[in-house]
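The chain below stands alone and is given as structure tokens, in the form predicted on its own.
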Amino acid sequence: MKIVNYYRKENINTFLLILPWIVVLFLFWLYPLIYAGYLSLTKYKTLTNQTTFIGFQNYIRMFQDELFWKSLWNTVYFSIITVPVTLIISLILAELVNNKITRFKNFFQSSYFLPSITSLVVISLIFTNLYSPSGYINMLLRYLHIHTSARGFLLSKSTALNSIIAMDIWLSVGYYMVLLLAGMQTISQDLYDNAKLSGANFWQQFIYITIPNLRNTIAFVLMIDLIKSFQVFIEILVMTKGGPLYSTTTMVYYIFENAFNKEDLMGYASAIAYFLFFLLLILSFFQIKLADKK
């Protein structure tokens, strides 16, 4: 009987310890998720709080909406460019800091990491000025006699999204470099010493020792970077507001635009949000499966 009471008391204490996390999970994740699913089946007017059940009409409208497909393509394009390029640059920087830089090593680590802890709004405003017609980038290009758009990078349909992509890569590489560097420092030095004795050069060591031993870290970096790139929003809101001509409208920005800038499209925005949720769920599932394969 004492043993039963002891375990009962332990279970109660454990439940009390995790209760705050359960409450937060329900209030800020589970409840909004369920409520958004309900809203996606309705026509909800924000100002009057009037709700009309319309079934799957929002989902039908979504697949017939040209701007939805435009925002989906912009998001996919953003991810296709940023994820691999960010990973490659982060790997190179991590390898350089780990093996090639001995003096001021901590300084370089902190310098690369600093942009990732700076306010994204501040960085977006700085790059907005850099990309403007009178910004330093255009001034430098004109000095080098390279043709630039008179409207600046962010007001040109052909360069706006690529400019934001470049900023995002610069912003992200330091954070992922630190993650990859931490993984590199767990690899046994004996592997490299044996490889050197066998005549392996730097690239052979990198390909056959570093990369295989970083497999789990690389898979983690790819997953969180892919999720982040599909959720890009603040840069778009601050720098272009989806323009020019919807060339930088991503899915999350399109959700925001429909939910808060139009009176009766909260349900439609919820349907797009649910589509994005399940899309990321599927992509994450396949990434986990691929990471498990040797």
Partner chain sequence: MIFPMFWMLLLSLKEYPERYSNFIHLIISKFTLLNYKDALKSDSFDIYFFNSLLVAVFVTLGNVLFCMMVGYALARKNFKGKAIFTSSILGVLIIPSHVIMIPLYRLMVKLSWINTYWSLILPWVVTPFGIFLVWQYLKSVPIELEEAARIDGASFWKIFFLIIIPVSRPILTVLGIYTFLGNWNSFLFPFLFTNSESYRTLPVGLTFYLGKQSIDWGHLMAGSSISALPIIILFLIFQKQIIKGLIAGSLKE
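Superpose the two forms; the largest set of C-alphas matching within 1.5 Å is the rigid core. If you're wondering where the values come from, they're calculated on a predicted model, not measured in any experiment. Residue numbers count along the first chain shown, from 1.
Just so it is clear, the following notes concern the form predicted together with its partner chain, a form of the same protein that is not shown.
Only one listed stretch (155-163, 171-179, 72-80, 193-201) carries heavy atoms within 4.5 Å of its partner chain in the predicted bound form, and that stretch is 171-179. Here is the short version: of 28, 53, 56, 63, the single residue with a heavy atom within 4.5 Å of its partner chain in the predicted bound form is 28.
Taking the partner from the other structure, its partner chain in the predicted bound form has a heavy atom within 4.5 Å of a heavy atom of residue 36. Its partner chain is not shown here, but in the predicted bound form it comes within 4.5 Å of a heavy atom of residue 256. Contact annotation: residue 110 falls within 4.5 Å of its partner chain in the predicted bound form, judged by heavy atom distances.
Of the heavy atoms in residue 21, some are within 4.5 Å of its partner chain in the predicted bound form. Every residue of the trio 118, 130 and 220 has some heavy atom no more than 4.5 Å from its partner chain in the predicted bound form. Contacts between 247-269 and its partner chain, taken as any heavy atom within 4.5 Å in the predicted bound form, involve 252, 255, 256, 259, 260, 266, 269. After superposing the rigid core, the Cα of residue 285 is displaced by 2 Å or more between this form and the one not shown. Once the rigid core is used as the reference frame, the Cα position of residue 34 differs between this form and the one not shown by less than 2 Å.
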